[in-house]
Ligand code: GLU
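There is one chain below, alone, in structure tokens, taken in the form predicted on its own.
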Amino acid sequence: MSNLSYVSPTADSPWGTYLSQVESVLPYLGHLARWAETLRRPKRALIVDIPIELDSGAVAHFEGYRVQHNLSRGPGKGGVRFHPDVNLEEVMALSAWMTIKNAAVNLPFGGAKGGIRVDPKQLSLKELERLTRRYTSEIGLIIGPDKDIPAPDVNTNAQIMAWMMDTYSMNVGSSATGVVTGKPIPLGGSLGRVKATGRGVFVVGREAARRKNLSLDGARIAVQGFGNVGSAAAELFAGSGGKIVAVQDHTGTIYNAHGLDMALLMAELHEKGGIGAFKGADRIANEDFWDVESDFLIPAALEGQLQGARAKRVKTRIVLEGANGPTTNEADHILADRGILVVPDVIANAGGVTVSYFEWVQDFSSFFWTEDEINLRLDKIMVEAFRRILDVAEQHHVPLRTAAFVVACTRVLQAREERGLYP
């Protein structure tokens, strides 16, 4: 059996996509392939009911999840998302991709993920706090600084992490700053964490451009999703001479062939919470985003956005996956056939979890680094990991995604083999 009884994935569903990615690397795992079934099964999946009292006095119930996919290489690590489409299969897939991501970058973590099926925009701040605290209490039996360390993800932030840390600390009777990462700086957060994922996207994009003999100066960049990841990556590309020609977020899609003014665009984002009404660009239909000519296409929104039909249309040289699982299997094959380089999520957006690792280490030691030190360490780890994956891709003549899975799965299964089975 390769699937859990309570999940029936389709080929392009998140879990189905992950399973097919595992299948593609089996020929490269040698004797370790005998352990491959461990990659197809989450170690632990917790579903919790989250009742809270609304401001109106009514009681509402929400469904929450925490999945620990694999803990062979260390405690679980992965974000928590608040979104109305969150479900068990999605969280399983995201936790599995965290296993691969952490191993691909060689961080001493396993993979985990969490979420609540909720539209946080429909809750007041106090309702959101009650939801977060009750969720933390419900999953408290499986999280901890040496068990599983949550972090921000879609619709969660440093404030959510502060509430999670405080709730867990109250329940264990002492301040446990290392139970989550992505916290506010005064509570043990790390400098450089907010923009770390976007910075990682830029760093591996720069390395990929070197391999393709593509100059960043004058390069055209199209970004889907303009939150912390997409906006930070765009700023860094623009700072290296790139032209941000198209941006899409939940408020719409804008286009300017000459490049968007990033200072004005960021001001618009901070003031209005979206870029759809930005005056320094033309507004185009959302679907037309996929027809924009670019050198770098950065899908940094949600999973499954770059589907087969869109993959046939895109006019780009390099796809940098800022989001988790944005490219379907069908699209992957189409892009490969078209000669478009895809830098997969498990390396492209690993900057966030890398600086989360730095934060976790700093919390344990109570010794904190400067932002320059953080960025230097991040760049070094990302460059080394990307070059290792490039070497494997060239050795086996496989796409970067397959190479990343080969590197990661080998590390995970080596740990599984050496630890053995208990009892």
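Each residue number is its position in the shown sequence, starting from 1. Being a predicted model, the structure only gives us computed values, none of them experimental.
As for the form predicted in complex with the ligand, it is not shown, yet the points below apply to it.
Taking non-hydrogen atoms only, M98 approaches the ligand to within 4.5 angstroms in the predicted bound form.
Although the partner is absent here, A209 sits far enough away that none of its heavy atoms falls within 4.5 Å of the ligand in the predicted bound form. At least one heavy atom of D153 is located within 4.5 Å of the ligand in the predicted bound form. Using a 4.5 angstroms threshold between heavy atoms, V353 counts as touching the ligand in the predicted bound form.
Across the options 219-227, 145-153, 115-123, 270-278, residues that bring heavy atoms within 4.5 Å of the ligand in the predicted bound form belong to 145-153. For the options G79, G242, G188, G325, the residue carrying a heavy atom within 4.5 angstroms of the ligand in the predicted bound form is G79. Contacts between 184-204 and the ligand, taken as any heavy atom within 4.5 Å in the predicted bound form, involve only R193.
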